[in-house]
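Coming up is one lone chain in structure tokens, specifically the form predicted on its own.
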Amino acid sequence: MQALGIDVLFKGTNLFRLLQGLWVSIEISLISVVISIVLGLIVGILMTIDRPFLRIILKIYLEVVRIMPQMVLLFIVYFGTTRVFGWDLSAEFSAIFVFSFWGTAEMGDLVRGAIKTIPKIQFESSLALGFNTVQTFVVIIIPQTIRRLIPLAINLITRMIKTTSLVMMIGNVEVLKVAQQIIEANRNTSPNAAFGVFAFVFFLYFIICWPISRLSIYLEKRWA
């Protein structure tokens, strides 16, 4: 175990610190996913509205999110806005803002696609029954859209959890940052600590993300 650097995990509170760091990653991802789902539903519905100017604005937003790496967005929000506007933003708030900004665009596009798969006759039938546009979406369209989105939203959670590893670049003490600190602190006594610590971090990500991924696949097959 010493040759692989695994012994470092059992020194002091290293194991507990890694689990605390993992919780920070999960907390950021879950908050971001909840915000992304709520705002994504709104953005996705707006994407289906036949308003050219609105669709152009949302298209630009979606393309910016797709092209811009999340790390660059983190740097802009955490370092850039602090200097330009003098804001005192915490690393955790910056991460939640960036991941929600990214996740809302992703979820909005998924909502748009889900709404497009709903047969047009359902819209026409609801209007024939006397429902207005808002009632049609609230009573008929959104419930069906949510059912189609649940597997995809669950998959987004795993992507969020994995992407939170980027927040170590702005000083947020999540699981990878803690791992780096442990390795640096034991560099002389355990030169192979990097292997054991990062292997354990891989295991933590696996036991969190794999069941979520399997649940997503199961729901996709069940509700296909």
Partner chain sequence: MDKDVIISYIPHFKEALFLTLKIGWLGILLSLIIGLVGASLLHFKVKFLQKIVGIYIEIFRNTPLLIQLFFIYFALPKVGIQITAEKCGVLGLGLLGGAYMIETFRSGLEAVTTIQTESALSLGFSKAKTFRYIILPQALSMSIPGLVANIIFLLKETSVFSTISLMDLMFTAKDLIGMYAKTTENLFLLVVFYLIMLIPVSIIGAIVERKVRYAGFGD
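Just so we're clear, the structure is a prediction, and the values are computed from it rather than from any experiment. Numbering follows the first chain given and starts at 1.
There is another form of this protein, the form predicted in complex with the partner chain, and it is not shown here; the text below is about that form.
Engineer: Can you tell me whether Met169 touches the partner chain? I mean in the model of the complex, with a 4.5 angstroms heavy atom cut-off.
Structural biologist: Yes, contact at 4.5 Å.
Engineer: May I ask you to state whether Met47 is within 4.5 Å of the partner chain in the model of the complex, using heavy atom distances?
Structural biologist: No - in the model of the complex, heavy atoms of Met47 and the partner chain never come within 4.5 Å of each other.
Engineer: Considering only heavy atoms, tell me if Ile57 and the partner chain come within 4.5 Å of each other in the model of the complex.
Structural biologist: No, Ile57 is distant from the partner.
Engineer: Would you check, heavy atoms only and a 4.5 Å threshold, whether Val33 touches the partner chain in the model of the complex?
Structural biologist: Outside the cut-off, so no.
Engineer: Want to guess which of 49-57, 36-44, 23-31, 189-197 is within 4.5 Å of the partner chain in the model of the complex, heavy atoms only?
Structural biologist: This holds for exactly one stretch, 189-197.
Engineer: Would the partner chain be touched by all three of Phe131, Ile140 and Pro143 in the model of the complex, meaning a heavy atom each within 4.5 Å?
Structural biologist: Contact check failed for every one of Phe131, Ile140 and Pro143.
Engineer: Mind listing which residues of 65-101 have a heavy atom within 4.5 Å of the partner chain in the model of the complex?
Structural biologist: If the 4.5 Å heavy-atom criterion is applied to the partner chain in the model of the complex, 65-101 yields Val65, Arg66, Ile67, Met68, Pro69, Gln70, Met71, Val72, Phe75, Ile76, Phe79, Gly80, Arg83, Val84.
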